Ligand SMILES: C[S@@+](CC[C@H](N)C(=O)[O-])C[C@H]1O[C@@H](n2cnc3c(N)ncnc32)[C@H](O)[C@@H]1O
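Consider the single chain below, provided in structure tokens and representing the form predicted alone.
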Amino acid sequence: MHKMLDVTEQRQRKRRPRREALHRLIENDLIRRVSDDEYRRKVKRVYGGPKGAMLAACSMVSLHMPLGERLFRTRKFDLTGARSILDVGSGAGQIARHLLKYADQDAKVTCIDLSHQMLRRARNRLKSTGPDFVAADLACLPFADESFDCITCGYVLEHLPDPKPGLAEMARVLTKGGRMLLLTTEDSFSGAWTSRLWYCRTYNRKELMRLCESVGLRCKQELWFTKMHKAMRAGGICFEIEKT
């Protein structure tokens, strides 16, 4: 039995460099080739343009919208008791819509995005006077320490050349014991294609977990959209995180 396991592990190790080389070939490397300011301007143009206008439709086609809602509806990520929620990188309001639907009625939701155009789209799409909409950079959040007891951050961290300042900022504005739902693009084959489409980077699951821990954010659990996603290691990285 041990010999069979050893052979399997050796085969996996041999395949890994080939997979990583293929992913690097497909993955967009703009984030590593240009300055932070130039990359930030590129992201604003992408999300402010036609691609950004199609973001909500893309989320429906990829099933991220309905599958993401399931996380809240089934209380895999439980919003009960959250009073002040920050939605980082609200985009077209995909996650904010779930927050308004499943959070307690007296919960206050704040939506931030780097793109003013995306905030306008989110406001128009949500048709709600409840949330506050704030143009802000994840690496420099305009909020006081421990302003929120819950944060959602869906597919935003991959737009930071260095994720640590963004993670540190979210840790700063999160209360002790507060929770975060963090979704990012994984360093998989499908993640590499996502990177090419949206000019973002990808993350290794274990490395991202270590980065979170380095700024006082502990991974409580790995979440999966469905059992099939877990079996196939698909759908990207989804962590429930707690500030220690």
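For every residue, the number given is its place in the sequence shown, counted from 1. As the structure is a computational prediction, the values presented were derived from the model and not from experiment.
Not pictured, yet referred to below: the form predicted together with the named molecule.
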Only one of 111, 150, 99, 156 comes within 4.5 Å of the named molecule in the model of the complex by heavy atoms, so just point that one out. 156
Non-hydrogen atom within 4.5 angstroms of the named molecule in the model of the complex for each of 43, 90 and 136: yes
Taking the shortest heavy atom distance, is residue 160 within 4.5 Å of the named molecule in the model of the complex? yes
Is residue 86 near the named molecule? Define near as a heavy atom within 4.5 Å, in the model of the complex. no
Report yes if any heavy atom of residue 71 sits within 4.5 Å of a heavy atom of the named molecule in the model of the complex; otherwise report no. no
Contact between residue 118 and the named molecule in the model of the complex at 4.5 Å, heavy atoms? yes
For the named molecule in the model of the complex, the stretch among 124 to 132, 137 to 145, 74 to 82, 102 to 110 with residues bearing a heavy atom within 4.5 Å is 137 to 145
